[in-house]
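Single chain ahead, written as structure tokens, the form predicted alone.
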């Protein structure tokens, strides 16, 4: 879907990703929403969309958007909840864009919120497993981490690599998080720390995995003509694409490919009339090192089997060919699960506004994945 250059992000906000024992799911969502409204010049939304993946499964608030609207005093507006697993944030952003594109509203507030700290790690992993095939995978003991471990093992075997090579992807994320006050782990990661990391499921370790966090983020989407005095100034949603491919753990593990990732990116670039070389920064789904590697290769930033070497060569650092995870990504910022797509949008907006890039590049590509890579939702955000 070509969003059109009239969909502008006028305000955004995000909370630091961490364990927020003092805040509940609604509290976080309301806080982020209030800040986004204030940062947009107090524009009020006609539609409020909330993205959340785990709330109902964790016996937390259902129908979140209704309750957030009530807390904000937003009455007589449309509310909508989006749950697409870990792709929820991306799906909510796409839905907000579509509503404006269809002429159904001129202002849409999109909020992503997730509360993970109320569950023990093994409970949380079990809940997240039901984003896989419930009857054929989750009920048989498979989980996202086990699937990723199988994939990493297959990747290392096929390309005759040592596990230590995956360090360079984690290093890239951590190096970029150093100056991010919203990151849970804003420190550089050395190879010794990586190699000593506890094993989750061989060869996947703790340092290969993004830490689940509590958090909330929000963006205000506004039809351009409401702010005509600022026309062509700011950040716009240039295009989006949502692709669902074949389900199941076997496809990415056996083929080491993510077809939905590739097609979604190609479609978004075409809709925005851009090439991959026009993108200044990339935010890929990095819940673990396996998906980081496959996403980068599926996007065409590395050839098959070469992404780890490219990472070691600094290709994805801020001064490299294709800067990745400019604020640390899920790995170092923290994985807010269903809210991640909104965090990506906020971080992309801030980065594009605060930095100048070589060759006049002024666009960011963000992507969320759901159901072990079967669903890919891509947005291109940038300046006109």
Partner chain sequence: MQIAKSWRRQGSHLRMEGVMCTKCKTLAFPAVMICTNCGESELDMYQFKGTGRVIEYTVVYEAPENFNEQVPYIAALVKLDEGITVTAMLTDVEIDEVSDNMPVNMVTRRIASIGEKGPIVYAYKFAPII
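What you are looking at is a predicted structure, and each value in this text was computed from that prediction instead of being measured. Numbering follows the first chain given and starts at 1.
The protein also exists as the form predicted in complex with its partner chain; that form is not presented, and the subsequent description refers to it.
task: From the candidate stretches 108 to 116, 192 to 200, 171 to 179, 299 to 307, select the single one in contact with its partner chain in the predicted bound form, where contact means a heavy atom within 4.5 Å.
output: Among the listed stretches, the partner-contacting one is 192 to 200.
- prompt: Using a 4.5 Å cut on heavy atoms, which of 313, 125, 257, 78 is close to its partner chain in the predicted bound form?
  reply: Checked against the cut-off, the match is 125.
- prompt: Just one of 235, 280, 253, 183 has a heavy atom within 4.5 angstroms of its partner chain in the predicted bound form, so which one?
  reply: Checking each option against its partner chain in the predicted bound form, the one that comes within 4.5 Å is 253.
task: Indicate whether residue 137 is a 4.5 Å heavy atom neighbour of its partner chain in the predicted bound form.
output: Within the cut-off, so yes.
task: Indicate whether residue 153 is a 4.5 Å heavy atom neighbour of its partner chain in the predicted bound form.
output: Within the cut-off, so yes.
4.5 Å heavy atom contact, residue 141 to its partner chain in the predicted bound form: Flag for residue 141 set to yes.
task: Spell out, yes or no, whether the shortest heavy atom distance between residue 146 and its partner chain in the predicted bound form is within 4.5 Å.
output: Residue 146: contacts its partner chain in the predicted bound form.
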